[in-house]
Every structure is written in C-alpha cells, then in structure tokens.
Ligand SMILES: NC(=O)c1ccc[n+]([C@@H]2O[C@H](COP(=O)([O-])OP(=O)(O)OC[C@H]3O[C@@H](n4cnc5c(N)ncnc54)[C@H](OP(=O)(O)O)[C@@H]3O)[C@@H](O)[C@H]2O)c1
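Form predicted alone, single chain, as structure tokens, below.
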C-alpha cells in the first residue's frame, strides 16, 4: 500500500511499487497457508500465476507433508477470462475458479479443462458457500487473500478477515478513484473491524506490519 492508502493507481496498473524483498515476503506468506485467493481483476492486472516460485519454500512444505504449492483460487462475478493468462498456464498446483452463470459459454469451454469450475446462479459469488466448499472438499483451513480491494471488502463485510499483512511503501499515488485496501469509495462496513498490532519493522525503507483481528473467540470458516 502507498503512504496515501492506495493499493493501485486509478488505471489499475500492476502493483510493482514495492521492493524485491516485499515480493519474497509475499511468497513466504503464501507458503504458510493451504490456499491463495485473488479476484479476477487482480489476476489480470498483475498477470498472476499464483505459483510458489521459491524452491526452498516448496521443499519446506513437502517436508511438512503438504503439497509443494498451495491451492489457487480465483473469484469473478462476470467470468470473463482469457484462457491464455498465466494463471491457466501454470500446473504446479490445482486451480479453482468460482464465478456465476454469467460466464460466457466460450470461456467455460476454454478454461474448464484447466481448472475446477464452480458457477453460482446469483449476482455474485457467495463467499460463505465458497469457503464451505474449500473446507469440506479440499481441507482448506487457512487461506491468504491477495486482493483486490473489492474482494477484501466482501470478506471484511462478512467479518472473515482474521489477519492483515501489510507493506507500506514510501510512495504516493493520489486519486479519488484509486483503490484502497477495501476498494474504491463505497458503502461502509456494517460495523468497524478492530485489529491489534502484532508486529512492525522497517525493511529497505518499507514499513512491514502484521495485524490480527480482535475477537472474543477464534474465527472459523463456514461449514
């Protein structure tokens, strides 16, 4: 995130404004979870494969009895995908796509052989139902969401964010329409979501912070 609270520019340009050390931290966080989640817009803007490229991180997961790479999950209301995107070219871990019946038929036919496809007859993807499927059918107990802001807003609205790992970069973007951590200006959450600071440190001029949700009891995924 920039100093002025933006996670991208108004044109949704790729998030390349943090250091290589921050990219390494991102992969370390990925490696610590069962699955990685991202919205379609983020996958497109950042040309994501969602892979775990560090061989040492993959080896450590295998030593712990886990698959070499976390499960990959993409969410999209529209279902408009390009089958040539990097996300569909990497086969190191299973890919699950959650969308709606709005997905064009030609896209369904093109990506179905490359992923496990779930289509809901609803305006958007019902996140509790998605999480229940991930828990029941894929054993997912910890999931890291890499954005974008709209998806994070949806999870926060349902009070499903347990932790926030945030890197604040020494740059400002400006722009009323540039997205923040929970998307562009819109509806407030039903209630504030309070977090506590777990750790903070400066690395290569970036402020690296870790927050945990303040709860009366542990959060649990639906299902």
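Numbering follows the first chain given and starts at 1. Computed from a prediction, not measured in an experiment: that's the story for all the values here.
Unshown form predicted in complex with this ligand; subsequent notes refer to it.
Colleague: For this ligand, considered in the model of the complex: do all three of 30, 70 and 140 come within 4.5 Å of it, counting heavy atoms only?
Modeller: Looking in the model of the complex, the three residues 30, 70 and 140 all stay beyond 4.5 Å of this ligand (heavy atoms).
Colleague: Please pick out the stretch from 149-157, 107-115, 87-95, 131-139 that is in contact with this ligand in the model of the complex, where contact means heavy atoms within 4.5 Å.
Modeller: That would be 149-157.
Colleague: Against this ligand in the model of the complex, would residue 200 count as a contact residue? Criterion: heavy atoms within 4.5 Å.
Modeller: The answer is no: residue 200 has no heavy atom within 4.5 Å of this ligand.
Colleague: Would residue 25 count as a contact of this ligand in the model of the complex, using a 4.5 angstroms cut-off between non-hydrogen atoms?
Modeller: Flag for residue 25 set to no.
Colleague: Using the partner position in the model of the complex, report whether residue 144 sits within 4.5 Å of this ligand, counting heavy atoms only.
Modeller: Output for residue 144 is no: heavy atoms all beyond 4.5 Å of this ligand.
Colleague: Does residue 103 reach this ligand in the model of the complex if we count a contact as any heavy atom within 4.5 Å?
Modeller: Taking the distances in the model of the complex, the answer for residue 103 is no, it never comes within 4.5 Å of this ligand.
Colleague: Residue by residue through 70-85, tell me which have a non-hydrogen atom within 4.5 angstroms of this ligand in the model of the complex.
Modeller: Residues within 4.5 Å: 75, 76, 77, 78, 79.
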